[in-house]
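Read on for two forms of one protein chain; each stands alone as structure tokens, with the labels structure 1 and structure 2.
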Structure 1
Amino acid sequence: MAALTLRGVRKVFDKTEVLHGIDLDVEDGEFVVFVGPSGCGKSTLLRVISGLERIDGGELLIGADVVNDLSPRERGIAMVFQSYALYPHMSVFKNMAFGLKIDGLTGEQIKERIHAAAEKLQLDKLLDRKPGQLSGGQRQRVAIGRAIVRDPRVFLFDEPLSNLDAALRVQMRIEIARLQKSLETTTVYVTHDQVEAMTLADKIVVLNEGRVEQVGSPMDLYHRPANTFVAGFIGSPAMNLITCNVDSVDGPTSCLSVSDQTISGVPQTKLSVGHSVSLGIRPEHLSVSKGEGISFKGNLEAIERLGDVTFLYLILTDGSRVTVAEQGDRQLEIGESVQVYAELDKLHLFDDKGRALRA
């Protein structure tokens, strides 16, 4: 096991910089997840860490060792890809043993490592089968097992569950989380699925256009997003972001206006009258049941009833759209005018550059 440190890491493709001086610390034994939209640089950053792509600037350390110029094998990493990349003509045992033979381990050492990993992954009864005789989840476990037996300093996962169906992804998430905790190996995991990120990570790194937007624990990013990008990316459905004007600042609170409505009592004193701000409210923090705090009206444009939760899609008079996640089966009709409420401590404010304003 080892810590992972990135200092000013840059990557350039055809004179286009795709990683802009990434600084990051991954603690020994920590599970870190990279998330971001397609093209944000998360897979490129993983490939740079693995040694599959050369660094064009900065330093990469595994433990105390600078590994910029080392090959993937010399770095002591093991990588699990989106595709299982198993040898179809080899048994599960031989697939897991292949890299160990290249590393020069004895037959007894190989057998010992494979049986220990197979037991952890519930593959011990499948070692004689070939990949074609396995389910998708079993093949992914073989790919993970092949990484485990290498006894790496750092595990790297590149969207390993994206080829699985929804139910199997849930099962594999639980297995990966359990396995990482038992092995206590430093792990970097790339995904576009924020549910995976929120449920697996000790720490999430949100990337956008080759830059780190925010680093923190899952609930840190959920409760205290640093900017509108993180606010809109973390959480499902996404946080509502409503553009408002600052009408007045009175002591510890401010009065905002959106369209033809006034939202008073907003707890924020760092605002200037006349400026534009974004008011952020998560759908689950809005309710059509009357409550304390702020309120505003919208016309009901669509309803999605999922049983335990009903999603209400409202449109305000200025065209802004707002999503409300209401518990249970709320009986409303499309076209209705609906008043929604939010508690003051659930509000987020962002300045005109998208940066979070703290009360």
Structure 2
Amino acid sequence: MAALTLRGVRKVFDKTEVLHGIDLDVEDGEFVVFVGPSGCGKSTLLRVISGLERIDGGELLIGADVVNDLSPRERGIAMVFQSYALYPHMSVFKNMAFGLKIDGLTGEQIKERIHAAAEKLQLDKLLDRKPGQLSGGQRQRVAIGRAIVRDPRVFLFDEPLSNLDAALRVQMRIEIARLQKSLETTTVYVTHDQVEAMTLADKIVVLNEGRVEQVGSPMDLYHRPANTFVAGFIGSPAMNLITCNVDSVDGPTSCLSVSDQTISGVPQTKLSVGHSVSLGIRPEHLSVSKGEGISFKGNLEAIERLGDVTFLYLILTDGSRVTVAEQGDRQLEIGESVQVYAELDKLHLFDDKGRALRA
């Protein structure tokens, strides 16, 4: 177990820089999730940490040691792959023993460790099977077992649940969380699924185009996104971002206009008249029920009823689209003009470069 520190880590593929100097501190025993759209560099970053890819710049520390030039084994990491990458010609036992033998453990020690891990993962009865005879969930557990028997300083997971069906994914997600808490091993986990990120992480790292957009706890990212990218990426359906003009600033509140409407009473002090800003409101924070705070109206373009929640798709006169997630069922007609409301403390404002503006 050890902390993990990245200082200005760079990676270049064929002269194209894909990681532009990543700085990150992961504390001992922390569960960190890298999340971002495909191609954002999250898997590359994980492979750089693992030692599968060379570092082209910066420093990588595990504990107090710079490990830039060490092999994965010397770094003391263990990794779970997306495809599980189990050795198809070896039994479950041999799959787990492979790395241990290389580490020079005796037969007794190997047996002991494997049986301990197998018990934890309910693999006891499967040790003699070949990977081909296992279900997807079982393979996944073997892959995790192969990683934990190594007793690594850092665990790395590369989208480990993406090959499982939805039900199994939820189950494995809970199992991984439970396991990590009991082992207290520093863990880095890559996923493109924000639900996994939100549920598993102590700390989420949002990556985009080889840069860190924001680092924070799941609730931090949800309530205080640092920019429009994070705002749009975390939360489902995505946060509404409405481009507005600042009409007037009056003490602690300001008026924004979007095409033919004025939204007044937006709490903000840093705005100046004439600037363009993005007003961010999560769909679940908008409601057709009259309430305090701000309001605006739009035309109801489509409606989706899921029973527990109803999604309303509005279009404003300037063409911007707004999604509303309304609890319960609502009787509304398509084409109707609908007034929606949001509480003041649920509003987010971003400047024209997409950075969050905070009061």
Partner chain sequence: MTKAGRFPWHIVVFVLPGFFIYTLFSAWPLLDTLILSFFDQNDTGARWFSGLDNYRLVLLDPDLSAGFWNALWNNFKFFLVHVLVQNPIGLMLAALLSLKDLRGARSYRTLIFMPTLLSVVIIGFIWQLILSPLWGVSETLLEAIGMANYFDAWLGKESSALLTLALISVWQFVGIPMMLIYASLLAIPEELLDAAYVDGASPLRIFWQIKLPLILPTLGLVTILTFIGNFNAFDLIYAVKGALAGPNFSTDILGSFFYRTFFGFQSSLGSPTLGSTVASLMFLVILAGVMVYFWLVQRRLHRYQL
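Sequence positions of structure 1, starting at 1, serve as the residue numbers. Keep in mind it's a predicted model, so treat the numbers as computed, not measured. Throughout, rigid core stands for the largest set of C-alpha atoms superposing within 1.5 Å between the two forms.
One of the two isolated chains is the form predicted on its own, namely structure 1. Superposed on the core, the two forms barely differ at D151: its CA moves less than 2 Å between the two structures. Put the two forms on the same core and the Cα of K130 is off by 2 Å or more between the two structures.
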